[in-house]
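A single chain comes next, written as structure tokens; it is the form predicted on its own.
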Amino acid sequence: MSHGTSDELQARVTGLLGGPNVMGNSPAFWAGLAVAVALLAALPVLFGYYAAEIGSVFLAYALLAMSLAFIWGYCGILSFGQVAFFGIGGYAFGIVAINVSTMGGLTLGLVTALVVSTLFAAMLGYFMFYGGVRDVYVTILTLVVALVLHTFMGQTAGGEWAVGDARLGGFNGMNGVPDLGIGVGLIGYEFGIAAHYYVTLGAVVATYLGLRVLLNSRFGYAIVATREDETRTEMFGYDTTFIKFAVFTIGGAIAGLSGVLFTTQNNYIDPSVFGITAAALPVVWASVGGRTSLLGTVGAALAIQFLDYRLAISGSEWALVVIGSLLVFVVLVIPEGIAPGLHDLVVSRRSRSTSAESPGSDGGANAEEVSD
């Protein structure tokens, strides 16, 4: 490959992944991200299968967190209903995979789960946004949907609550969900613990890069403009109702995928995934990490769930208190979240350093410009 072609390819990739709508465009950022992904990839090798098993659950939560950061941080839609799509995806996969006990059934279960969770998000988004539901009422309605699902699924303990061979189980949960796999008919590959971990890690990385590309596209600019000023965006000819509908649907699809990955790792799902605590956690992750930072939200989800896990195995009952206190501290001290706060700090220091090193910086003018 010629030098000119290489530069052209690099510029095209930079144009797709970089832009003002997302944080982290410097070579140092990409190097740090590569190191972080490499460390996560080394986790099963360094700490064994148990770490991979727990890590898969954390990464599934990170994918769920990213779905909320996308719709809330970039389009201004605060939803407590991501867990609804998460749970629907998990239950849909379990129902299909238990009834079609072949490798093809695992593929069909994955496809069905993604389609069902996406359609449910699209249906809910259509009735909300085209029905004129706005602002805090969207938040309330999505929370109500999650709680209705929690109540309904909790009442499915009887033997009559079964779809073929798949018993919903009420609060006892749906047991016997097969591992994740892909294939046709009887031929295929079923992912073990380590393979499942790498599939989940790959899904997180691919989703992150895909959302960066989307947010840096023309549609992405329209998404951010809708968040900033919906009325002005409409005056420029954009259909903001459709933009919110499309973003909400995409977020539902991502949440549904995370639900499948979570359920296939545990081989089990129960109505607690729709509960109010579960519904609030993605909001905590996005608030702490920074809802306008996809990577910050992912990092917060991993760190908070690891903290919760360590407190749980130590026998402590203070997990929710610690997490709640962390949320209150961040909201009061760094309202925009940790990642955006750090980003602003780095940019501010870099600006001051550049101003100080510029010619004539020993005078007072440049210092005043920076402070302004």
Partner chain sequence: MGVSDPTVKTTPAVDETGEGSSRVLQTRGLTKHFGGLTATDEVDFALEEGELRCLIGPNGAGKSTFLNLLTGQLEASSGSIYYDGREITGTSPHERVDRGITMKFQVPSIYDEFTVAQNLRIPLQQVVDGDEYGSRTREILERFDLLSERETTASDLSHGQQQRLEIGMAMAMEPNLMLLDEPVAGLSVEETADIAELLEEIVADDGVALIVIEHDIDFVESIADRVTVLDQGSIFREGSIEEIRADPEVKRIYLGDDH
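Not measured: the values here are computed from a predicted model. Numbering follows the first chain given and starts at 1.
Just so it is clear, the following notes concern the form predicted together with the partner chain, a form of the same protein that is not shown.
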Report the residue, out of 295, 302, 243, 257, that has at least one non-hydrogen atom within 4.5 angstroms of the partner chain in the predicted bound form. 243
Option touching the partner chain, based on a heavy atom within 4.5 Å in the predicted bound form, out of 126, 161, 221, 191: 221
For the partner chain in the predicted bound form, the stretch among 276 to 284, 212 to 220, 80 to 88, 108 to 116 with residues bearing a heavy atom within 4.5 Å is 212 to 220
Give a yes or no for residue 152: in the predicted bound form, does one of its heavy atoms lie within 4.5 Å of a heavy atom belonging to the partner chain? no
Taking the shortest heavy atom distance, is residue 21 within 4.5 Å of the partner chain in the predicted bound form? yes
Residue 234 near the partner chain in the predicted bound form, any heavy atom under 4.5 Å? yes
Test of understanding: in the predicted bound form, would residue 198 fall inside 4.5 Å of the partner chain by heavy atoms? no
